[in-house]
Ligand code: KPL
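Coming up is one lone chain in structure tokens, specifically the form predicted on its own.
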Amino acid sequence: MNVAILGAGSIGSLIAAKISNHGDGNLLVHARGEHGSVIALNGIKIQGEEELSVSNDRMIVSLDEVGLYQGLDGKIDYLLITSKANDVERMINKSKDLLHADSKVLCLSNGLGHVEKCIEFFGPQRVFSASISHGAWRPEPGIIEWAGKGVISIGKFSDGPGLNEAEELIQLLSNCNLNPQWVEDGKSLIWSKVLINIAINPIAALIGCKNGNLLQTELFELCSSVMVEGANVARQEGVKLPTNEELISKLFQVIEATSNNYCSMLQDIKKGRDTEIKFLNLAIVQRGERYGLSTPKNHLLSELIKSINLSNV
């Protein structure tokens, strides 16, 4: 099985390191910057939940600054896009020559619209819905802190491929101890992750706090109301979701489980990078407008995060 991971930041590098120890085919890892250069020279080191060092000869590394490796064109069986949301479309465009007729595509990036974009480019018969809840960050280039074990969820999106087409990849990820799970309703899968992200990320980023601080009563009420606005939009799109009470209970559990984490949006702001707000809260606002739904809290958070992005320019 040949696998390509495009946009290998923290999550992509974690998956790459684990697959490199269990896969029996070629593994293409496409990264950028100093992190990509260190991977190309020295491989990947995992610490935290597991200690693992993978040498660079266990994978084919290409650098964004140089160009995507072309030696596996037409030979990739599974394409995993793990970039930041803002880079997804660019990664899609780069990967067009990698696939063959039966290749399958998963996008693990945060936010709304990525599956639809993949379907538009690759065709519905190739695209799974997917999300990931493993926690990972980079203390320095080439080193990944596996901060918390989660799952990789793979699902059927509309008329896309089903469980039979995913079994080979699920077996590989299971062998890698990455906890894959199949979800029949891929649209609900994507929205469930998005609702958590819109409730946590912008608020924690604006305050500059760990996730656990959001359990304070007034802050948690704000997080919950942001989530409910998003859930109202999702239901207008025909997404099957639990009750608001169940969603809020799940939000509490996630915040509690990740209480010591600094969310990715806060890390982006600290490093002066663009955030993923337009694929999260701003996407909620825009989709709500289609149905005449007011989403004032998501709108306010979007504007505040956008103002920080502009001040970093």
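All residue numbers refer to positions in the sequence shown, first residue = 1. Just so we're clear, the structure is a prediction, and the values are computed from it rather than from any experiment.
The same protein has a further form, the form predicted together with the ligand, not shown here; the description that follows concerns it.
- Using a 4.5 Å cutoff between non-hydrogen atoms, N201 counts as a contact of the ligand in the predicted complex.
- Using a 4.5 angstroms threshold between heavy atoms, N42 stays clear of the ligand in the predicted complex.
- Under a 4.5 angstroms non-hydrogen atom cutoff, the ligand in the predicted complex has V254 among its neighbouring residues.
- Taking the partner from elsewhere, T258 is found to have a heavy atom lying within 4.5 Å of the ligand in the predicted complex.
- Screening 170-178, 228-236, 142-150, 191-199 for residues having heavy atoms within 4.5 Å of the ligand in the predicted complex returns a single hit, 191-199.
- This chain is displayed alone, yet in the predicted complex one of S129, N211, S95, S109 has a heavy atom within 4.5 Å of the ligand; that residue is N211.
- Listed residues I269, C263, L247, L282 were compared with the ligand in the predicted complex; C263 is the one with a heavy atom within 4.5 Å.
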